[in-house]
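Form predicted alone, single chain, as structure tokens, below.
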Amino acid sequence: MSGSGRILGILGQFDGPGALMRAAYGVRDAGYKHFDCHSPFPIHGMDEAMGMRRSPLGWLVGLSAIVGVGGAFLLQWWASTIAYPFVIGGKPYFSFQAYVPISFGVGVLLSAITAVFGMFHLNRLPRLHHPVFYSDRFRAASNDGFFVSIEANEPNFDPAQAEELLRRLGAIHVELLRGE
């Protein structure tokens, strides 16, 4: 156990990527939703083991692109045919070919803005501090450590049960994370 203060979560250390994968399945099957797996390199299939669903970010970006293109197209149509109808170069008021570059640009801009802020929201960023940083052992996560962290804001979080679960799943070290 590290430090004093209220319990922010629990951290279990495992001896390799296979053990970490089995632990991810076990923690997921135990009903935990707010947990994370930490390893020094990506592990194929970990997202499935953790029960992660496909990100909705692609749908949000696609929808914002459609809204951007449609909005820019409608704005240009309204400006050139209703608000300021001028005949320029003998062309009709509604010459949609001239709207394409601006519509494309607005669509790309709105998609990029949605991707950036959507990624921040979905990843719960910015998060300046995480409870695992209270652990001295967690420094090994960037070198040769494999960890599962369960956050205390989990609705069914009980420190004793979580510790027992991590030990049953093969954790070589379990630590309660305490902080302010």
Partner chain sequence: MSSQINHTVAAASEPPLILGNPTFGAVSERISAITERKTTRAWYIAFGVALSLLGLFVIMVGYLVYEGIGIWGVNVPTGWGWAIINFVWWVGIGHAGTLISAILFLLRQRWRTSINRFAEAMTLFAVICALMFPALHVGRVWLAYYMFPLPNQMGMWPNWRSPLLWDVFAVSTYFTVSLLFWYVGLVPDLATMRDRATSRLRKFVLGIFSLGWRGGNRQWRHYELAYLLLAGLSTPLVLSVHSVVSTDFCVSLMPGWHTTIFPPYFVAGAIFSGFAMVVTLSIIARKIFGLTDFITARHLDIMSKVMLVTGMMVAYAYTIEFFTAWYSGNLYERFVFLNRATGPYAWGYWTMIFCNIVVPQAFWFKRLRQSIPVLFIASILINVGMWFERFVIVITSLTQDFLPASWDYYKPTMFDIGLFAGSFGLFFTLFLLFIRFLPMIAMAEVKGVLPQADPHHHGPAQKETAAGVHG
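Positions refer to the first chain, counted from 1. The term rigid core refers to the most C-alpha atoms you can superpose between the two forms while keeping them within 1.5 Å. These figures come from a predicted structure and were not determined experimentally.
Unshown form predicted together with the partner chain; subsequent notes refer to it.
Trainee: Indicate whether Tyr134 is a 4.5 Å heavy atom neighbour of the partner chain in the predicted bound form.
Mentor: Flag for Tyr134 set to no.
Trainee: Heavy atom to heavy atom, is Ile43 within 4.5 Å of the partner chain in the predicted bound form?
Mentor: Ile43: contacts the partner chain in the predicted bound form.
Trainee: Would you please decide whether Val69 lies within 4.5 angstroms of the partner chain in the predicted bound form, comparing each non-hydrogen atom pair?
Mentor: Val69: no, not in contact with the partner chain in the predicted bound form.
Trainee: Look up in the predicted bound form whether Pro155 has a non-hydrogen atom within 4.5 angstroms of the partner chain, and give yes or no.
Mentor: Pro155 lies outside the contact set for the partner chain.
Trainee: From first to last in sequence, which residues of 98-133 have any non-hydrogen atom within 4.5 angstroms of the partner chain in the predicted bound form?
Mentor: Heavy-atom contacts within 4.5 Å come from Ala98, Tyr99, Pro101, Ile102, Phe104, Gly105, Val106, Val108, Leu109, Ser111, Ala112, Ile113, Ala115, Val116, Phe117, Met119, Phe120, Leu122, Asn123, Leu125, Pro126, Arg127, Leu128, His130, Val132, Phe133.
Trainee: After a core superposition, would you say Arg124 shifts its C-alpha by at least 2 Å between the shown form and the other one?
Mentor: Passes the 2 Å threshold, so yes.
Trainee: Would you say Ile113 moves between the shown form and the other one, meaning its CA shifts by 2 Å or more once the core is fitted?
Mentor: Yes, shifts by 2 Å or more.
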